[in-house]
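One chain comes next, on its own, written out as structure tokens in the form predicted alone.
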Amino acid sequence: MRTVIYPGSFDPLTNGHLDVIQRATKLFDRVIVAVAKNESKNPLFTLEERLDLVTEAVKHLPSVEADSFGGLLVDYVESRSAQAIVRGLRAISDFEFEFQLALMNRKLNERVETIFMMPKDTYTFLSSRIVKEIARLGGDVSAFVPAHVQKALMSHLVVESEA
């Protein structure tokens, strides 16, 4: 079984992420969306919330599962018997950073391949950071995230503004 890991903070999951996930299902038998525990990014959502949001978003895709991980990605890839990592590239500016990560992962474990996928052109401008900023400023993010993610964003931002 060909398995790929799609890692990220997914804070929050966007339609661009979903596009990459859906397209990865065409290339791999199993796609594991791996939510990173990286708390140094100071996420809006807790790890459990991000995992729940991803799980809800992919429940209609039988070959996709959501999980979380901490530590080295290549160790997680090995622990899940995966063959590859998939990463989304929105623009050329993403490439240098992603290329460095891919080379480092290869140095740490040469058996793990990295596959770069571009989202549909309608999502090339989309990032979790931009979605959070639009939502914080009262903008409509319904075109950028699944409905349950939009609802969770609004709930978080109401609590944040009351604090």
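In this text, all values refer to a predicted model and were calculated from it rather than measured experimentally. The first residue of the sequence shown is number 1, and the count goes up from there.
From this point on, the text means the form predicted in complex with a small molecule, which you will not see here.
> Note which of Asp67, Glu49, Asp94, Glu113 lies within 4.5 Å of the small molecule in the predicted complex, where distance is taken over heavy atoms; exactly one does.
Result of the distance check: Asp94.
> Which pick from Thr55, Asn38, Ser63, Asn105 sits with a heavy atom within 4.5 Å of the small molecule in the predicted complex?
The residue in contact is Asn38.
> Only one of 134-142, 55-63, 116-124, 24-32 has heavy atoms within 4.5 Å of the small molecule in the predicted complex; I'd like to know which.
Only one stretch passes the 4.5 Å heavy-atom test: 116-124.
> Test of understanding: in the predicted complex, would Val20 fall inside 4.5 Å of the small molecule by heavy atoms?
The answer is yes: Val20 has a heavy atom within 4.5 Å of the small molecule.
> So in the predicted complex, does Ser9 come within 4.5 Å of the small molecule, heavy atom to heavy atom?
Contact with the small molecule, yes.
> Can you tell me whether Arg90 touches the small molecule? I mean in the predicted complex, with a 4.5 angstroms heavy atom cut-off.
Flag for Arg90 set to yes.
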